[in-house]
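Presented below, as C-alpha cells, is a lone chain in the form predicted alone.
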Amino acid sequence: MHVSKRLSAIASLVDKGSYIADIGSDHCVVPILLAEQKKIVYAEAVENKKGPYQKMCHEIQSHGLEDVIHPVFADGIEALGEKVDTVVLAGMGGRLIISILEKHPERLKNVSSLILDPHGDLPSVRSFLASKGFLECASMFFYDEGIAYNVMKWEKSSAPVTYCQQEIDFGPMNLKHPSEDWFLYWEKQLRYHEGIASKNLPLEKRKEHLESCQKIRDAIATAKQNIN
C-alpha cells in the first residue's frame, strides 16, 4: 500500500491508543496504516458515496482488519460513534470541513482532537476552530509532489481560545515553529504580490496587493524572530 508524505503526516499526529473517525476515508489508507502500526484501538472509516464505500470495505477486508476498522456509510459526522475521540478530516476544502463540523456539533461532545488537512480557506478554518474552543497544538507545513500542504492538529481547550489576525492568517504553530517549506511558500507568495503590485493597476487593487506584501513580510519576520 503506497502511503504519500501527506497521509504519513496525518497519521503521525494521531495519539497512540486513539479511537478515530476518518471522514471521507476513500481507500482507507490512514486507518489501515494506523491499525497496522497498532497505534489505534478502533477506527470508523466514513464514506458517503457507494463506490468509494465499497472500495473501502474491500481494502479493510483484504488487510484483515475488520476487528479494528469499521466501515460507515454516512454523511460527515452524522453517525459518529460515542467512542470516537479523534476525527480526521483530510483531502477536502476548508469550507467543507467547517460545514461538516457545524452540521452536527452534538456529535463532537466526546471528541478531544481534530486532525485536519484543509485544501484552501485555512484562515477561515482556524478562526472557526478557535471560536469553538479548539487550540492548535501541532502544524506540519510541507510540499508533497510540488503541492503545499498544511496538516494541523487541534485539541479541545478548557479555556477560551484567542488568536491575533496574523496567527489566523498564517497559523500560530507555523509562526512559532516554521518549516523551510513554509518560508519557501510565503516567499513565493510575496514575489507574486510584488509582481502584481508593480503593474499598472487601479489604485484600490494595487493597495490590496501592497497590503498583502506587508502582511507576508511581517509574518516572515515574526517566524524568523521565533527561531533566533
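Nothing here was measured: the structure is a model prediction, and the numbers come from that model. A residue's number is simply how far along the shown sequence it sits, counting from 1.
FYI, the form predicted together with S-adenosylmethionine (SAM) isn't displayed, but the following is about it.
Only one of 60-68, 182-190, 155-163, 45-53 gets a heavy atom within 4.5 Å of S-adenosylmethionine (SAM) in the predicted complex; which is it? It is the stretch 45-53.
Name the single residue among Asp26, Glu36, Asp169, Glu194 that comes within 4.5 Å of S-adenosylmethionine (SAM) in the predicted complex, judging by heavy atoms. It is Asp26 that has a heavy atom within 4.5 Å of the partner.
Residue among Ala74, Leu108, Ala138, Leu122 with a heavy atom within 4.5 Å of S-adenosylmethionine (SAM) in the predicted complex: Contact check passes for Ala74.
Since only the chain is shown here, I'm wondering whether Ala79 would be in contact with S-adenosylmethionine (SAM) in the predicted complex (any heavy atom pair within 4.5 Å). Contact check for Ala79: no, nothing within 4.5 Å of S-adenosylmethionine (SAM) in the predicted complex.
State yes or no: in the predicted complex, is some non-hydrogen atom of Leu96 no more than 4.5 angstroms from a non-hydrogen atom of S-adenosylmethionine (SAM)? Yes - in the predicted complex, heavy atoms of Leu96 and S-adenosylmethionine (SAM) come within 4.5 Å of each other.
Verify the contact flag for Ala90: yes if a non-hydrogen atom of it lies within 4.5 Å of a non-hydrogen atom of S-adenosylmethionine (SAM) in the predicted complex, no if not. Yes, Ala90 lies within 4.5 Å of S-adenosylmethionine (SAM) in the predicted complex.
I'd like to know if Ile100 sits close to S-adenosylmethionine (SAM) in the predicted complex, meaning any non-hydrogen atom pair within 4.5 angstroms. Heavy-atom contact with S-adenosylmethionine (SAM) at 4.5 Å: present for Ile100.
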